[in-house]
Each structure stands twice: as structure tokens, then as C-alpha cells.
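A single chain, nothing else alongside it, follows as C-alpha cells in the form predicted alone.
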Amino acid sequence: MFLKNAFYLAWMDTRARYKKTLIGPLWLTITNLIGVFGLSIVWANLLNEDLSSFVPSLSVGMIIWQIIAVAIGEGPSVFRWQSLMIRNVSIPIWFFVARALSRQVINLIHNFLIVIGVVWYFNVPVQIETLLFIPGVLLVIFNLFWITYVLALLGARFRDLEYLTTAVLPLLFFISPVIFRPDRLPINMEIIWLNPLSYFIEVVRAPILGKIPDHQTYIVVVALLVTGSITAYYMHKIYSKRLAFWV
């Protein structure tokens, strides 16, 4: 019930943001499409890549990165934005995280129109392996839930965390395989796999491009989900009762 309400309110938030516009939330899709088009022209030439393989890779990378970056960037502020509700209404605090993340899921659904268009235009083969992107997306969303929850709790107590995540996100963008493909990197650049976000991107992008993610990718993503969820659970048990005083 609470989850359904969180998604409904997230949809209302999205509609309110684009109220009185002609095409509503599709403006977000158009904005990202222009971004992908511009980056493709520049980076395909800089990296000496063929557009037919580079554009699909970049499109998926950018769309997955967007949901990751916004979830991490907004995470420390989630409870602070809802301080009045937290102090005055008896609602499970995870509801506010679900609402915030649901907005990004709605945006992701809109942005997948770009992926569909790119796959069709560049004749990317659609095979049975392509369906693996569905569990990949779900794994990313579930991981982002506990990440957002932990950041929201810490951000309510330590306000500097909001500015720290804002400062770190540009660095994470360049050390994550958003623009480039990991298989194009020299051996000495395998350090990118020390970045957990690299696995989040590849677990979705590889199936769409016709490849099965390797076992290491699934192991890391599932391990992060399990350990992160346990961490979030214990933080909830210890700190949730103090939240009303922090915000």
C-alpha cells in the first residue's frame, strides 16, 4: 500500500514539474536525446569509435548513469526535504526514499524511449540475451534504494554530506564506463572495476548490446545488494528513532 502510494506521489511530482507544457515529461527524454547526440559527435571522434557501436553504448551508459547520479546526489537531502512530514505524521521513513527513487524510475522509463530508438536505428541485434537487461535494471534499482536510504540517514545527521556527494559525482562520472566501454581500455586501466558503479552500468548495458554480463558483474552487484541492505537495516534499527530530532 505504502509503495503504491509512493509511486503515485512520485508520478504527481513528475506531472507537476512539467505542468502546462505541451509534451510533459517527454521534455526530459528530448533533453537527454540532445545530450547523447552532442556527446556522440564529440567523443566518437576523440576516441576514434564507429558511431554505429558507440552511440548505443553511450545512450545506455548515460541513461543508467542519470538514475545513479540523481539518486546519489539527492540522497542526503531526502529526509531533510520531508522534515515537516517526518516530525508530524506517522509514516514509515522508507516511504520518503521510495517516493524519491520512484521519480527517478519514472524518468528512467521515459528515457528508455531513447534506447529503443537507438537500437532500432542502428540495427542492434535483439536476442534472447537482451532480456537480461530487465533483472539488471531491477538489481540497480534495489541497490539504489539502500544507497539512497543510507545517504538519507547520514545526510540528516551530517549536512556536509550533501556537498560532498555533489563534489564527488563528477569524478565518479569520469571513472565509470559511461562514455567509454571497458573492453576498449588498456589492461592497466582495469582499476575502473574498483568503482562499484561500473558494475551497475554494465549489468544493464551489456545485454542491450547483445552480450551476457560476466559472472563477476552479477556477483558484485548481488553482493552489494545483500551487504548494503543488511547495513541499511541495522542503521534503520539504530538511528530511525532519532531522525525526527536530526531534521
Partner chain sequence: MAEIIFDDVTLRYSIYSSNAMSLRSHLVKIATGGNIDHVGNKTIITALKNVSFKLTKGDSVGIIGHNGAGKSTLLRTIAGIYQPQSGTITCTGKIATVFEIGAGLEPELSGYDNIINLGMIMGLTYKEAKAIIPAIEEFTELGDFLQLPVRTYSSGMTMRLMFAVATSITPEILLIDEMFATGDEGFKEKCLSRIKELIATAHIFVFASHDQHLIETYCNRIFRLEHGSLEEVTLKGEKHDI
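Numbering follows the first chain given and starts at 1. Here the structure is a predicted model, which means the values were calculated and not measured.
The next section is about a form of this same protein that is not shown, the form predicted together with the partner chain.
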item: The partner chain contact at residue 169 in the predicted bound form, heavy atom, 4.5 Å; value: no
item: Partner proximity in the predicted bound form: residue 19 to the partner chain, non-hydrogen atom cutoff 4.5 Å; value: yes
item: Residue 85 within 4.5 Å of the partner chain in the predicted bound form, heavy atoms; value: yes
item: In the predicted bound form, residue 89 touching the partner chain (heavy atom, 4.5 Å); value: yes
item: Residue stretch of 130-138, 151-159, 70-78, 107-115 approaching the partner chain in the predicted bound form, non-hydrogen atom distance within 4.5 Å; value: 151-159
item: Sequence-ordered residues of 5-35 touching the partner chain in the predicted bound form, heavy atom within 4.5 Å; value: 5, 8, 9, 12, 13, 15, 16, 19, 20
